[in-house]
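Okay, so here's just one chain, in structure tokens, the form predicted alone.
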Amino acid sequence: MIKQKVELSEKSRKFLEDLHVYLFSSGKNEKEMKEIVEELEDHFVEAEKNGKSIEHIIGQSPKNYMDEISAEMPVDYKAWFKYIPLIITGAFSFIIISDLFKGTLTYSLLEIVGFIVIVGIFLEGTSISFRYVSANDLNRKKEFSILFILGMLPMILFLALILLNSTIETPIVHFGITGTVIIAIIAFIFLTAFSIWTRSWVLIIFIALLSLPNFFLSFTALTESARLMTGTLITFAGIAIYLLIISRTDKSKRIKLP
């Protein structure tokens, strides 16, 4: 298997990676995806040994080929019914940890429902964006633009929810000190366990970048508007630096591959 991966061209490797992303974002079974990618990898190896390009196997349109494979595979609803609660719980944990720096937790019914709706919209947007990016030969600028819009989507929706919540009155849920502590502990345990499971601390890092600047700036003599502006700049600068580090690390790993 290692020998086959070495012999594959960069174009073939990229197509296999894009196919995996496309099928995953279409809700297909992980085991079936792996089997199809490995089988197609063997075909690519044989084709390249004979001096043929991947177009000889997939045709001229990668998107059509991915669509055909996706259409032949059933959606793995069982797996997604397990993932979706995890994602929603993770999103709530993300929000809860951020809000802890403001004091005890208090949410309106509109906010709670709105959080769930925003997560649903973001999941659908992510699925559509990933399928589009993986199935089309886009340059770096277009790919970055799509992913940037996707990243900004929840922020825009949350701002809209804040404005809507300020104009529409709904019942308020107060968790108090005890409830806040219990929820905070549960959220922290979940985020830590999720980070260990995924082997990535991205959620915790993002929470720190979103929450800590404003928290520490609240102890300064800056005005509220100055704190907000400074905190936002620090947050976005921190996220940009983190993404740059991740990008360069990933690129370095690719270069070192045999």
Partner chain sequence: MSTTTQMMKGILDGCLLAIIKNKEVYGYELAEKLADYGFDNFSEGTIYPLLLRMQKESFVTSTLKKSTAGPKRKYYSLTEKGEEELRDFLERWNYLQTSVNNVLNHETVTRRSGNDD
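No experiment lies behind these values; they were computed from the predicted model shown. Numbering follows the first chain given and starts at 1.
Below: the form predicted together with its partner chain, not depicted.
Exactly one of the stretches 188-196, 29-37, 212-220, 225-233 approaches its partner chain in the predicted bound form with heavy atoms within 4.5 Å, and it is 29-37. Taking E169, D137, E72, E124 one by one, only a single residue has any non-hydrogen atom within 4.5 Å of its partner chain in the predicted bound form, and it is E72. Taking the partner from elsewhere, A47 is found to have a heavy atom lying within 4.5 Å of its partner chain in the predicted bound form.
Its partner chain is not drawn, but in the predicted bound form it has no heavy atom within 4.5 Å of L203. Among residues of the shown chain, I57 is one whose heavy atoms approach its partner chain to within 4.5 Å in the predicted bound form. In the predicted bound form, its partner chain lies farther than 4.5 Å from every heavy atom of K63.
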